[in-house]
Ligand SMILES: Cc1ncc(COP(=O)(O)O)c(C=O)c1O
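One chain is shown next in structure tokens, namely the form predicted alone.
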């Protein structure tokens, strides 16, 4: 089995044509978009090769290809949760799960709460569904983040209809604790609202944290929540297009059952194949990949402390994304622009994550340790000029 702790060499990675590798020239280290540099899980690679050899590249048959059972088993083993396969549906990606859910849960102009700094497409997906964004930023006491439950309660009192939750939270790698999610479900239920929970990073929760699926925190959450899941982040499958609507109560299950057929048919056949195999046969690979990610997490902390101590950094507890506070460098509201120009390191632009992202940048550390080291050294050199 290929060793996921060994990232692909740069010369091979630069032959890829995905966004991460096609956006900038060869002089730039691309550490912005959420794609990993590790080899594809061998069971997934073998299954896709078999499909190509068979010419199995046609339309998606209106069945789940075993994906629902595979995800239910995966969720049971990782999180002690066994969602019903009968209460799921597939579509293209998590963004489509969010938009198609919101279209059925809000009316024109209805407000939906987001908790910035947060995944930038949230600010676009809500208007796409016909709603308006109401930002209730996360609380931050300098040591930990948390949901502003009182602020969310006020938002509902002022007319918000629901919450678009990021769980675990991108870009912070913050894993929302169960007690906060329980309290959130109480607030939402009291106001007759809903939660759409983007849980795409859940399989990449680190070994020193515990992920809580939103639909499990209370009977109310099961009834008023929809979870968006996918294997795309955990197994690096974004280009294959498969995500899951997951429900646990009759209200939301009925909504999913009545989705137009085309929402399901937009699922990619390769996505279905790769997702099923990842959830069933890719767990050993995932464990090795997560170990490599955690090792890089520690390395990043050590590198920043030694070479760029002006940068603020808190270890994430999920995924492979680091939220860097670069305000002390004097690089302005969007330090990623300076980093790209002066250090030839492409980071994700902090302001895109909301106003609380001014002065910050997001760094992807799912890469070779040598690449991570070079990136920090480049940033440090640019900061010293």
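Because the structure is predicted, anything quoted here is derived from the model rather than measured. Positions refer to the first chain, counted from 1.
The next section is about a form of this same protein that is not shown, the form predicted together with the named molecule.
Residue (of 329, 44, 29, 34) lying close to the named molecule in the predicted bound form, criterion heavy atoms within 4.5 Å: Checking each option against the named molecule in the predicted bound form, the one that comes within 4.5 Å is 34.
In the predicted bound form, which of the listed residues (188, 200, 215, 112) lies with a heavy atom within 4.5 Å of the named molecule? Exactly one listed residue reaches within 4.5 Å, namely 200.
Determine whether any heavy atom of residue 233 comes within 4.5 Å of a heavy atom of the named molecule in the predicted bound form, and answer yes or no. Residue 233 belongs to the contact set for the named molecule.
Tell me, yes or no, whether residue 252 is in contact with the named molecule in the predicted bound form, where a contact means a heavy atom of each within 4.5 Å. Result no; residue 252 lies far from the named molecule in the predicted bound form.
Test of understanding: in the predicted bound form, would residue 95 fall inside 4.5 Å of the named molecule by heavy atoms? The answer is yes: residue 95 has a heavy atom within 4.5 Å of the named molecule.
I'd like to know whether residue 166 contacts the named molecule in the predicted bound form, with contact meaning heavy atoms within 4.5 angstroms. The answer is yes: residue 166 has a heavy atom within 4.5 Å of the named molecule.
For the interface check, one of 225-233, 305-313, 145-153, 269-277 should have non-hydrogen atoms within 4.5 Å of the named molecule in the predicted bound form; which one? Stretch with heavy atoms near the partner: 225-233.
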